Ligand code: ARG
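Presented as structure tokens, the chain that follows is alone, the form predicted on its own.
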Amino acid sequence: MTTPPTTIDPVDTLAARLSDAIRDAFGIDDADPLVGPARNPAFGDFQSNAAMPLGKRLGKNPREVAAAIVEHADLGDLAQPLTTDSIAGPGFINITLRPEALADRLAALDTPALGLPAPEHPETVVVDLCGVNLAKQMHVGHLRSNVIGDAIARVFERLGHTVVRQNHVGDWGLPIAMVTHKLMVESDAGRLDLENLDLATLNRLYREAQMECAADRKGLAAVRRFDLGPKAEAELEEQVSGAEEALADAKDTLVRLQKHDPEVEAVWRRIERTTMRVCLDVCARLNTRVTDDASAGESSYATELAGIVEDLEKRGVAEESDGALVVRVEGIKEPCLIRKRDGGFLYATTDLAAIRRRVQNMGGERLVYCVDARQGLHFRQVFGAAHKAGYTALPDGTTAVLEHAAFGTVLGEDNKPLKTRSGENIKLDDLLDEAVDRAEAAIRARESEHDDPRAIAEAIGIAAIKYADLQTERSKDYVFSFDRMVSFEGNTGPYLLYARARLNRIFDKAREKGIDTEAASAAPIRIEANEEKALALLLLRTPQVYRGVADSLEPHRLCAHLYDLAVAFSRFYDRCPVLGADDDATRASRLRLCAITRRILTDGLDTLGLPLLDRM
């Protein structure tokens, strides 16, 4: 065997060699060789389209440019030598790889790292995900932040970086004080046992507390304006008076909470434990790595906010505007508001404190926020303010990178945000239950025999929902369809799980036939059939796909790669007999191809956070 290549993806090597040829032919160092898959596989595996833009740039005929590139190109042992016959059409350069070069690169890929060695300079990446609020149940709106955020975190971990997950919990402020006061009232009246508090009750009381504190002043004004009578006016006056009293009680409770009053804090802690227990259970069911240690409530920043505002004001980063305090950010019309006229702090103030902690205490060199796209302006303001304040400065003199991995909305069949028929948000647990129920029905319809079909359905249902979310381009909305998600055909999670289970069966059958599968794992690889080559080329793209996901923060790229890989494997398996190969060497080679495919498919599914099933 030849010396292992320094880069596994043939495109990287071809691009470098053709860039050298362009430089040698024309003295140009910045030309893109434009290497991609051949449009017609009959003429080659790849093609370079560089001659057309270069011809325009140089004022030459593109075919003449292509001929000069071909003359200077040295593709070494990777591809067949280029000749004038390699030039097609207006100047396309067709390239055919050598089978032995593909085999060498596959062997280099077939290592524990799968072509992804540890980075020379590993980074610390902080990923903001999940983002729940106390006293409220997780709903469909929390799905994408969890699933996408965890997948992005897993990709960075897979690449060898240090990842810190942060579940930014809304556990502070007046709304929390409202429900805290409500619980205290209900408990004192004997209508509520705090020891047996559950999230459904807590969520109901949260809504009631919000309504009790909402004064209908507009209604009262309308009654008076249209003279609707003393009875209606008295009822509205009573409502407004009661709401104002409830709001005053909530504000008093907030003050007591901020002063760590033991009685109030004990109830608040009960709310926190009740909420977070359910939240973390749902995250575990979703197979996302969100733990209690990864959860940081807004309350944990509360004592830092006044100091941050004072620091920004003292250094002239912030300025007064109509009684409030703002940070003006270059390129954004609306300034970042960090203190209200009444002295109250805002979400932006807390986010600035979080950025400072994540960079200066956690050492975050790259901060990724997996939050709804509708928060785009907020994050542009906060990121700009953080940079201006110097909170993103790292000890080595560099600046942390702040990125909003914005995502679109989950839609119903009516192309509106997915909700129940009554217009309420769908509980995330209910969504998962229905996916599992449908997966179980699909399993029974296929008459599959399993010892525990419900456990199999749980994995398939979760994989179906997560994959449907991840395979959609992150920034786009998508229509939620159970029928499409749980299908075992097409670009779905169940299809990929089935493809992996199918690979496992190949090795089960091989062992039943007495074939030494361990010996096959070191067998020489032979790339002869077109289906073998197509599969090999996709396998070799894997490391670059992972890096592309990390650069773009777009997990759908890995989904597309795994689906293409599963489809290519299916074609290979249908047309290239593995266990029934004509000779032992071909069988061993194809078994090794199957083994590499299985490892990459397993690695990719795990990186996406999909549950794995060995048998289906």
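For every residue, the number given is its place in the sequence shown, counted from 1. Given the structure is predicted, the values throughout are model-derived calculations rather than measurements.
FYI, the form predicted in complex with this ligand isn't displayed, but the following is about it.
Screening 495-503, 192-200, 235-243, 365-373 for residues having heavy atoms within 4.5 Å of this ligand in the predicted complex returns a single hit, 365-373. Judged against this ligand in the predicted complex with a 4.5 angstroms heavy atom cut-off, the residues Arg144, Glu554 and Tyr563 are out of contact without exception. Within this chain, His168 lines the site of this ligand in the predicted complex, having a heavy atom no more than 4.5 Å away. Although the partner is absent here, Phe482 lies well away from this ligand in the predicted complex, with no heavy atom inside 4.5 Å. The shortest heavy atom separation between Asp469 and this ligand in the predicted complex exceeds 4.5 Å. In the predicted complex, at least one heavy atom of Gly131 sits within 4.5 Å of a heavy atom of this ligand.
Only one of Phe379, Phe507, Trp172, Phe488 lies close to this ligand in the predicted complex, with a heavy atom inside 4.5 Å, and it is Phe379.
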